[in-house]
Every structure is written in C-alpha cells, then in structure tokens.
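A lone chain, given as structure tokens: the form predicted on its own.
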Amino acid sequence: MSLTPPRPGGPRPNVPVILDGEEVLAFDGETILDLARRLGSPIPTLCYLDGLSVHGGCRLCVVEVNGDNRLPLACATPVSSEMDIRTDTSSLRDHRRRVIELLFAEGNHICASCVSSGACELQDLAAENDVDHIHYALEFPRIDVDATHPKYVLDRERCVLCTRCVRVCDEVEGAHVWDIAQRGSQSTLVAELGKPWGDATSCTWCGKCVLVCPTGALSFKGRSTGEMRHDPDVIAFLARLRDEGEWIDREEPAP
C-alpha cells in the first residue's frame, strides 16, 4: 500500500481506498475529489471551487465506485474504507463529453468573439475532453446583455448556471446579490429578484463574482475579445484567511 504524505502538523491518512487500481490512504472525511487532487488524479469540475460550499450541479466530477450502480459526485462523496474508485474510464469520458456538449448547446458560446476566450474553463474542458463538435440541436438563446452596472457586464447567453457567483456573493462577500430564478431550461441568473445589475443596491462592487465566473458570462467593462482573465483561486485564499481568524478584531490589551 502506498502511503500518501500526511498534512503538515495534522493527522496521518488512515482510510484504505483503491483509486484507479492503486491502494492509497485517505483522510477521514475527505471527499473523493479532495483525495484525487491530492494524489494528482485529475477529475474535471466546473461548478466546484475551493473556498465555497459544494453545489454539485455540473455533474462533470462523477466517478465510478465498485458496487454502486449510480455515478457518485466526487465533490460531494466522502471516502469510506475499502472503497474502489475509478476516475477515468471510457464510459466516464463519454459522459463528460456529453455534459460539455449540452452546456455548449444550451448557450451561445462563440469562443471567437468572447472576452474570456483563452481563459475560459468551459473552453478548456472541451479541449481536454476532445469535444470538437456538438451532437445536440443548438438552442441559440436570445437574452439581452445587462451592461447597466458601471463596472461589470452580465451576458446570460454564456452563463452555465454553476452558481459560483451566487455562492461567493453570499458566503464570502455577504451581500447575496445573485440568485437563480425559474426552473429547467428557463433557469436564469438574476440580481436582486430580477433588477438590472446597475440598480442592485446590495452590490458592493467587490468583483468577486466576476473573478470566479468560469466563462464569459461575467466580465469587467472595457475588455475586448480574449482580454478577460478570471482569478478564482483568490477565493480559496480569502476563505483560508477567514478560517484562520485573520479578520477577527482583537482587543488591544489595556496599558
């Protein structure tokens, strides 16, 4: 059994697991995704982001577990002793390609004219999973671009409903400007129950929602094709500082 390195200053892994045919040790309570990333086994994700709660909506991180007829979500499934996990099989690759194709079909993802071309996670996923054409009928949604905010732009035609913006605004910034309205194919991202973004008085102009957006749905004004760069890693950094108490006010000792 190969021993995975312990976390510095923390407990040693002690849960035996089989990951892609190799016996490894996992930490108690660790998710399949955490384990795979720690050991360098890539599992694609889109809605998942370190520092935010688990949403489990994109269905890209599904894996196969021996004895389970379902496809568990790696981001939301904790490991258990003797679990036999497969993260890369022909059926999983086919499933992920179909999900990516559906995401492209449901929106207008024209990479050649997108501000995030070259820095888009959906575009990267398509390239990594050999998606070079779409098997489904394209929806071609026609939704007005919301450019009412002085600093940012919302293009719902490129939104994949990952809810990263919703969660970061609520859980990190504490403003809760964003939500998802309607159901199914009618689902859409809304600010303050349907207001134009520029009229949302709860928006603090922090830009965290723009930084975490995986596509060109949220962008800074003034960026042309290929110029938009997102920085989702900053949220994990902010969450770590919060968890370590870096922002807790400390009373100064009396003189």
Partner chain sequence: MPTADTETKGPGATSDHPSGDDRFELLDKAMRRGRYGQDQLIEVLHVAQEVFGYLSEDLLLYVARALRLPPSRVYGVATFYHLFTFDPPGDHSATVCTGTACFVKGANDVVDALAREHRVAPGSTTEDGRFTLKTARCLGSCGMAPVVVVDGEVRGHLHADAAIDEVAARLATTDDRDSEEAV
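Computed from a predicted structure; not experimentally measured. Numbering follows the first chain given and starts at 1.
Just so it is clear, the following notes concern the form predicted in complex with the partner chain, a form of the same protein that is not shown.
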query: The unique member of D179, E173, E106, D155 whose heavy atoms fall within 4.5 Å of the partner chain in the model of the complex; finding: D179
query: Contact residue in the model of the complex, from V65, L52, I43, V190 (heavy atom within 4.5 Å of the partner chain); finding: V190
query: G222, heavy atom within 4.5 angstroms of the partner chain in the model of the complex; finding: no
query: Contact label in the model of the complex: H135 to the partner chain, heavy atom within 4.5 Å; finding: no
query: Distance check, R38 to the partner chain in the model of the complex, heavy atom within 4.5 Å; finding: no
query: Contact of R59 with the partner chain in the model of the complex (heavy atom, 4.5 Å); finding: no
query: Candidate stretches 144-152, 70-78, 88-96, 179-187 - the one whose heavy atoms come within 4.5 Å of the partner chain in the model of the complex; finding: 179-187
query: Heavy atom within 4.5 Å of the partner chain in the model of the complex - qualifying residues of 194-222; finding: G194, K195
